[in-house]
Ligand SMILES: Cc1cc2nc3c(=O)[nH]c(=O)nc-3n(C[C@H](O)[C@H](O)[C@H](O)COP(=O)(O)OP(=O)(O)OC[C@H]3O[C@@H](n4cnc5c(N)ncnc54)[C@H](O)[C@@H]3O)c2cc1C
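Quick setup: one chain, the form predicted alone, written in structure tokens, and binding and motion questions come after.
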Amino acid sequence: MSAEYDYIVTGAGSAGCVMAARLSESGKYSVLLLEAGPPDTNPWIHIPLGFARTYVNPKINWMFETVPQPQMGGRKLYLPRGKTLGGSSSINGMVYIRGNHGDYDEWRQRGCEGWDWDSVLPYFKKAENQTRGSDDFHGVGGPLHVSDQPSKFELADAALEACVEAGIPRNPDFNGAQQDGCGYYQTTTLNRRRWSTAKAYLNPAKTRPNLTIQTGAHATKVVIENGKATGVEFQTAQGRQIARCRGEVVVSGGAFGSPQLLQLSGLGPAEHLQDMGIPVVRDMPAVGANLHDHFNTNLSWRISKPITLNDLERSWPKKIAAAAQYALFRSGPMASNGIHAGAFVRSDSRLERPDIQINIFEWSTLRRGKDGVVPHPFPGFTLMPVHLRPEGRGTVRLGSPDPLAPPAVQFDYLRTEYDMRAILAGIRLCRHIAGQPALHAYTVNEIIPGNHVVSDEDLAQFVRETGVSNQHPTSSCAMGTGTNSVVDPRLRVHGIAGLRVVDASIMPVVVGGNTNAPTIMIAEKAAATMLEDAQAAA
């Protein structure tokens, strides 16, 4: 390409769409946004319950896998990631959770000045258009619509009452004054349609003459000359191209894609790059290190009433009725995400923050993974304990010097005694909830793992055989000030001018909750920082 841009953003995901929109907003700067996937035109993207379809669609999903995980019996774990405008915000479960206030104060304590709770809250509010209105914790008028569930749900109501009976207090707003408690989730939806970052940020911006959006453009290398990022190589259907940059390159490929692209560009562990035949531009051991993610397993119960999504999936008449109900009235089961409610609790009362999230799913499955999701042939529901604060740390490495090959992802789940102890506490709490009077009229029997699995040893084996990624990978290009970090608190890559990383990979530690809202906040703050730096340099 002959054109030269002020900014090039690689990856039009949860962060990249925000960056492209905010950097081009004033009209002063030319911006190129590169996205490997197609436009977000697949109709299942925009229907809230459609994420069950996007979960295994290779046209809009990278469908990554880990390498075999030794502590999980050698299993490969499925890692869905968005490959379309909006990235994973176009295929995720749409749950809007910011994390705990203390998470961000911990970032500051780790040397990331300007990332404490009081400093990040304005950017959460700037992004948000909260259906409940503005208050000390929420904003209105932002691009990202945050909505309540479209209605109350019988089973979710019963499960929440059971949580209260089990000693978990009600919490009407997990993103307000405190996180502990149980309640309904809010979602990134508008008028019962998904509201991805492509819808929120990119659609209003795409007609700007200073913004170029190129889909089908897979970034393969950041061009670095004399210690400065000066462009990006990318692959298209027409072959390899290069775009030049006079300002800054922003890498927004996510926790897997960003370290992969940096390593392909010669930034990473020198020995690994040499093994792959990649010329070393800068030895950076932290690129692709510190990877971690929430970890979960599932407990499921058969119930006596045909009120779950299992019943929808296995009945063509119900599917047709649900489709008509949604098409005509934007109501019915397809109008919600099926993940209606949850809870945040502590596996040990001595902890200062919740370390377990319990998701309440109105379905149960025989299996779910790269081959798809198969529900039980009877009504069922699931309680999912999610460990929010794992101690295990993994890596992202090049699986091949071929830039189009998937990365080699190695997690380190269940590394410590605490990692296992916490998930076992979550399992026992889920069983305690399911045994409360509020659910007696519904539950028939526990089907996963089953009442025969009782001892810590047997439950630990169940966890190793069934535990999976919660699809919230972070921290593989961690922010910080030392050699164990990749970017500084202004998200500039150490030692390379004109290059920043902006996405979930920069979190020094994963937040205690779903990661999409924090990633959008990170991009809002990064864009403001970059524009501030540009103005100062002018």
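Numbers follow the displayed sequence, beginning with 1. Here the structure is a predicted model, which is why all the values come from computation and not from measurement.
Beyond what is shown, the protein has a form predicted together with the ligand; the following relates to that form.
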property	result
4.5 Å heavy atom contact, residue 219 to the ligand in the predicted complex	yes
Contact test in the predicted complex: residue 189 vs the ligand, heavy atoms, 4.5 Å	no
Contact test in the predicted complex: residue 519 vs the ligand, heavy atoms, 4.5 Å	yes
Contact flag, residue 82 vs the ligand in the predicted complex, heavy atom cut 4.5 Å	yes
Contact check for 362, 375 and 439 against the ligand in the predicted complex, heavy atom at 4.5 Å	no
The ligand: the contacting residue among 385, 99, 86, 268 in the predicted complex [heavy atom, 4.5 Å]	86
Candidate from 487, 504, 32, 499 lying within 4.5 Å of the ligand in the predicted complex - any heavy atom	504
Stretch from 386-394, 222-230, 253-261, 116-124 whose residues place a heavy atom within 4.5 Å of the ligand in the predicted complex	253-261
Residues in 38-64 with any heavy atom within 4.5 Å of the ligand in the predicted complex	55, 62
